[in-house]
Structure formats: C-alpha cells, structure tokens
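Take a look at this one chain, the form predicted alone, written out in structure tokens.
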C-alpha cells in the first residue's frame, strides 16, 4: 500500500547543468531525495503507464536511492521500469537504453567526475525521451515544484532485488533488471569496424591501456575491449567499480589519472592510452609520450570520420561548447559543413542532433559524442580513436602532428581554481563584467581586443535564449581568454580560465603549450585579479 508522507521544501534543490549534485549527507537528510524525486515526477508530465529507465554509476548511496525511486515510481503510475543490474548504468548506456526501448525517460544517479563515498558527492538527473538531459524548462519546473512541495507518496513494501537479470513485479508494475553493458556494446558494434580494431589489438605489436578509475566504465571496457575485441587481459586497469572509486577523483585528466599518464610517458609505454570518468561520459586520449587535448581530439575525429562505418556518408555538422578551442571550426570549414558554438551543457547539442543539424559534438571538459545517443560518450571516443589507428596504421603522435600541419594548431589550456569561496568567485566575475564595455580596440600586453562580451546563445531549433554563459575576451589574431564559473562542484565555486592562441607557422607547431601561452596566462590573471582576490598563486588543475 502507498503512504502519504508530509514534508517541507528544501531551498537548495535547483538543478544545475547536470541535475542536482550535493554531498551524500545532504541527500541522506529525511525527505530530501523523496522531495526532489516527487518534484521531478510532477514536472515531467503524465507518467501514467509509462516506461522509466533507472541506473547510476555505482557510487555510494546509488542502490539506496534506486529503491526509493522504485517505490515512488509505482505510486506515480509508471507501468514498467528498466534498471541496470546492481543498479548500474553508465550515462551513455542509459541514453542508449532510453532510446532503444522508447522509454518515457530515465533517472540517472551520478555526480559524474566528482569524488564518491560516504563523505563524497551524489547526484540525480532526469533524461527525456530522446535520451538527453532535461531542458531548462523541465529543470526549472522541478525546482519551482520543489519549493512548494508539502507531501509525497511512497509504496510501503520490501526492496526489490537488483542482483539478478530478469523480470519481476511490484504489484502490476513490471521491473526488468537488464545486463547494463549488452545494449550499449551492440550499439558500438554497429558504429565501428570491430574486425579492423580486433586485428589491431591482436597483432602482437600494438599495446594499449584503459584506466576505468575504479568507476562505471570498467565492466564496459572489459566486455568490449578485452572480450569482444581481443585486447590482452589487463588492458583495462582499475576496472572494478567501487562505491568510493577507491578514494580517487574519477576525472580523466593529467592530474587525476596520474597512474595512466606516468605509464604512457614512460620510455616503454603503450602505444595508446585512455581513461574515462565516474559515469562513463568523459574521455582522455593519450599516445606514447603525447596528450591529445579534448579540443584537438574532437577536430581529429571530425577530420577522420570518413574512416568510420557509421559516418562514411559524411557529417551534417559539428558543434562545440563556447569554451572549447576553435580547432574543430577549421575542420568544419575545410569540409564545408556547419559549425555551431553553444553554451556548456549537452542539452544544447541534443537540440541540434534531434534536428539533424550536427553529427559530432564536443566539449573541452573531456566530453565527446555523436548523434548515436544524446549524451557525451567516453568509450565511444576511445573506440573511434582505435578505429582510426587501425585504418591509418600510424601512431597517435603522427596523426596529431599531421593534423596540425594540415589545419594549423590551436594552442589551448584550461586552468581550474577549485573550491574558491563563492563571494570571491562572484567578485572575480563582477570585476571582469565591469571591464567589458571598454575593452574593444584596446591593446592589452600587445594583444588587440576584437570583442569582449558575456556569451549568449540563440538556439536555432527552439529559439530559446541562454545568457551569461561565460566572459569572452577575443583578440584580433584569433586568441581568446574565457572565464566561467562551473556548476558541477558541490563546495564553493570553481573558476575555469580557458586560454587559446592560433598558430599557422609550420615552424612553431610543436612548442610546449604552457610556454607558448604564458603571456596570455599572465594577462588572464591580471584582468580577473585571480591572485589578488583569491590569494591563489597557481591553478588546482591544468589541462
């Protein structure tokens, strides 16, 4: 039987770009999760007789939250639930399953690349029927309803079993526990040339390493890379998902994937290396002795898409987030296809893909994807690279260098200042905002300002407007400095500073990135007053 529970609103339940993320202990407050779930179900429309996908990245509190959601879903009229075994579904796999089974939507339980465990972070978001994140109209409705909620209903019953695949029932609601990997693996086999990749991985010479960072992609990588494609056992490291990600920070970058980076830059390191994050939607790509920036990776994938079976007929267009480097723009121009610059957040790409306006898309924050689903997809990007390597029979370094020689190089870096007190972060942005109107035409340390603004985006599909998406200071030589406050953390604020310079001189394509950009890095600090306001003398993370 169902029980009505009286509750009161929590003032902090406004979803960000990737749902609601808080410390686990916040979600463990009485009524906190239930309030948000009820607001979510009320916001998404008529749930009667609908199918709902549920899964998460396996972090602490994942299975507990699923049991609550199941007991609330039946009271809200859902007819069928599709849940990953043990409560597991990577974010790209969840998008795949939503689309394959034509579900009404899905609840994804993850805080992505944020640390996990009892003292770590937890998150929840709703993905709509297309498999992509809910648009702002829904997330805002969820928040507004969360501020008015006075009660919710929940079924008073035992927990369901998540341990075995198969069908079970809670009264007349059908619950299918599925293999979390199978549907996704089949989709990858439809996109890529698996025989060619298998030949590469089994030739006795090629070596690769995939770091799952003790997170969700471990089972996916083992099944696809080692079992289906024949990579040597042990190719996947840190491949068993753990509730606290083994105490690590599952963000695939040069700082947090240090074990992989050290191996790849060793004298006898593997030919190819990659890592993914907590929920499987991000990727880092490395060759022996070389790191491929996410911006360059997107551009190189686009330039080589004709080698991939699913993309041989050509690309409709490319989209990138505004802070992502303009490397892909050069490829789009060469291919004579459309290029779209969007705010950060995958939902903006989803609109373009649903309208068949773009095929590939990417963000500098290690997210790359295509129209095969409506989320970024870490393992997909790894397989894309492997397919290119298998066909071109060149090293990662050779492919990157040839790309720069053909298209020029966009020197690019991101400096993250994590957990800045919110008042300091806001002070930085206010200081920059005040300067914008007077910057055009000014010479700043030898760089002439072409334009300076706070980026706004007019969606060409639904005509929505997104404003205040990041401060841009762009120079006449194509260089850019961009400042944004990230919405993915749970403590204070993260200031992200993006610095880019364009180089076409073939004699200057292979310099050290931080050295090449040192003048712009210094200018960024001067403009924002990072050191003077925050006291920080160096970024927390450099990528």
Ligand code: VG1
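Positions refer to the first chain, counted from 1. All values reported here derive from a predicted model rather than from experimental measurement.
Absent from the display: the form predicted together with the ligand. The rest refers to it.
**Student:** Give me the residue from 486, 47, 28, 513 that has a heavy atom within 4.5 Å of the ligand in the predicted complex.
**Tutor:** Going through each option in turn, the one that passes is 486.
**Student:** Just to be sure I understand the contacts: of 320, 374, 409, 282, which is the one whose heavy atoms reach within 4.5 angstroms of the ligand in the predicted complex?
**Tutor:** Selected option: 282.
**Student:** In the predicted complex, does residue 135 come within 4.5 Å of the ligand, counting heavy atoms only?
**Tutor:** No, residue 135 stays farther than 4.5 Å from the ligand in the predicted complex.
**Student:** Answer with yes or no whether residue 480 is in contact with the ligand in the predicted complex, where contact means some heavy atom within 4.5 Å.
**Tutor:** Residue 480: no, not in contact with the ligand in the predicted complex.
**Student:** Although the ligand is absent from this view, report whether residue 17 comes within 4.5 Å of it in the predicted complex, heavy atoms only.
**Tutor:** It does: once the ligand is placed as it appears in the predicted complex, residue 17 has a heavy atom within 4.5 Å of it.
**Student:** Though only this chain appears here, would residue 112 touch the ligand in the predicted complex if you measure heavy atom gaps against 4.5 Å?
**Tutor:** Yes, residue 112 lies within 4.5 Å of the ligand in the predicted complex.
**Student:** Heavy atoms within 4.5 Å of the ligand in the predicted complex: which stretch among 449-457, 234-242, 360-368, 206-214?
**Tutor:** Partner-contacting stretch among the options: 360-368.
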